[in-house]
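Quick setup: one chain, the form predicted on its own, written in structure tokens, and binding and motion questions come after.
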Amino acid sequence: MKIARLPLAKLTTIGVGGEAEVWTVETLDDLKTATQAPYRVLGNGSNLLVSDAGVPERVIRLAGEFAEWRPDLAGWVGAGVLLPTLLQASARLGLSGLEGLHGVPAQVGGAVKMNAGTRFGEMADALELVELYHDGGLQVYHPSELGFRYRHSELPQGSIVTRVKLRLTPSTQEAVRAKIALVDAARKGQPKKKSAGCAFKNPPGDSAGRLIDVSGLKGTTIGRAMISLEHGNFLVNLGGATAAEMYALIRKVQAVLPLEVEWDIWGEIAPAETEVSR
């Protein structure tokens, strides 16, 4: 186990966030020790906005036995494994079920917690069993017990995803790669600058990105944070942005549109009092 005080800006895909005490755990005993005080669990740092002041809780990252998986994708897959790695393996093996997650830069545990996905599929679709660390021990759940719905799960309070078993269907390399290409084509308009992924949940029957676009908000800039010109549902870091600037953009959108934030927000963030530009 490693313990270090680190800037979370370096551990999040959007590149903002203050310091926290980071515990990298590799065994179940490590995890039991790390959870003896208030904690948060950090996956790959996507879909997350962290306060500029950081967070007082210890931040747990899963490694070691929690990042193990078999090359044939049979058996248990650790929560610390990256989804893109599993998707590449599934394409090589001709196993279908993960294609809808192409482009999601999450670890397995985070993807389960928020039921990550795209309009082509979500994490819950690919799950057979989920193992959680809860109340000092490991418990196995069927996905039907965890309340999965659009970008949401109902995991027991304080539980941590440790491993999953995937539900994949034998197919062919060609068929799996064709589905991945279809999903990839739909992502072509997404920005390349640092972001935390889609900032807002799509309302029923519509697209948050479309609504932001027609509202004329694309390109709005506060400090070094901007609503992407390529895709309205992405808030991007132009370099040196703060969490306060990002949060001010969120509030700017919500002042116009009744959209629910998709990101997880850690810590108290007050919107930056910075001039808005276009």
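Remember, predicted model here, so these are calculated numbers, not experimental data. Sequential numbering from 1, following the sequence displayed.
Another form, the form predicted together with a small molecule, is not on view; read the next lines as being about it.
Interface residue among His134, Lys165, Lys201, Arg177, judged by heavy atoms within 4.5 Å of the small molecule in the predicted complex: Lys201. Although the partner is absent here, Arg151 sits close enough that one of its heavy atoms falls within 4.5 Å of the small molecule in the predicted complex. In the predicted complex, the small molecule sits beyond 4.5 Å of every heavy atom of Gly223. In the predicted complex, the small molecule sits within 4.5 Å of a heavy atom of Gln190. Within this chain, Phe234 lines the site of the small molecule in the predicted complex, having a heavy atom no more than 4.5 Å away. Residues of just one listed stretch (140-148, 116-124, 86-94, 169-177) have heavy atoms within 4.5 Å of the small molecule in the predicted complex: 116-124.
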